Ligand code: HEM
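Given as structure tokens, the chain that follows is alone and in the form predicted on its own.
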Amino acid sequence: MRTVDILLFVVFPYVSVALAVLVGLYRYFFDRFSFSSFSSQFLENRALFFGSAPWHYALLIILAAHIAGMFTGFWSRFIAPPSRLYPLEAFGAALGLSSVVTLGVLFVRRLLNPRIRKVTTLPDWLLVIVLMLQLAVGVYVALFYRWGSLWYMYTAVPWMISLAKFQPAIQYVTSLPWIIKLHYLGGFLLLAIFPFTRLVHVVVFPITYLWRPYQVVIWNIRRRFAPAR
């Protein structure tokens, strides 16, 4: 077992998870106002319309498929028939391409609009770049290493389960092609960057809206055509 493999597939995943949890908790309890999406929709809406909605839908479906692969018994039975496996692989590749294109739209929007660029932090830029690379690598794997829906369950899943049990079994992934290992490590890199960006808002559910009092807004500016008193 090489030292570099231990660093990449044992130490790095644990460091990433620790950063995600500890920094996320720190921001939530001690820097609550930064726990926001800082929406830039009011600054520029047209490109956001063409990028944000398709991007979110594609990403959610991709994540759901990866999570479903964790349930190996159900997932292996579901995708075993070729009539399901082939369309699923094609649909996954199409979703990956769609996510790369729509994220590119959002990246260009953020890059070219000075007002939006002003509210974008360095970690936000890093997250977008790494995310775009991660999606591009995922599309490459989907196109050139076919049937990932199957072999994912016998490589990445046992490795991640072994990490969760604190009994790392890196032999499941160390023998894979470097591009696949890069994709696996990219997921943990995103997890490490995640708590430093505005994306942390996705883990917070605004349940306090259920019991907080109504917000009353009173306009204090006299209407233009209102009669003077």
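Keep in mind it's a predicted model, so treat the numbers as computed, not measured. When you see a residue number, it is the position in the sequence shown, counting from 1.
We do not show the form predicted together with the named molecule, though everything after this point is about it.
- Heavy atoms within 4.5 Å of the named molecule in the model of the complex are found in exactly one of 76-84, 120-128, 151-159, 104-112, that being 151-159.
- Within 4.5 Å of the named molecule in the model of the complex, a heavy atom is found for every one of V141, Y184 and L190.
- Contact with the named molecule in the model of the complex, defined as a heavy atom within 4.5 Å, holds for exactly one of I62, V200, I170, A68, namely I62.
- Contact annotation for I116: none of its heavy atoms lies within 4.5 Å of the named molecule in the model of the complex.
- Although the partner is absent here, T72 lies well away from the named molecule in the model of the complex, with no heavy atom inside 4.5 Å.
- Applying a 4.5 Å heavy atom cutoff to the named molecule in the model of the complex picks out E89, G92, A93, G96, S99 from 83-109, in order along the sequence.
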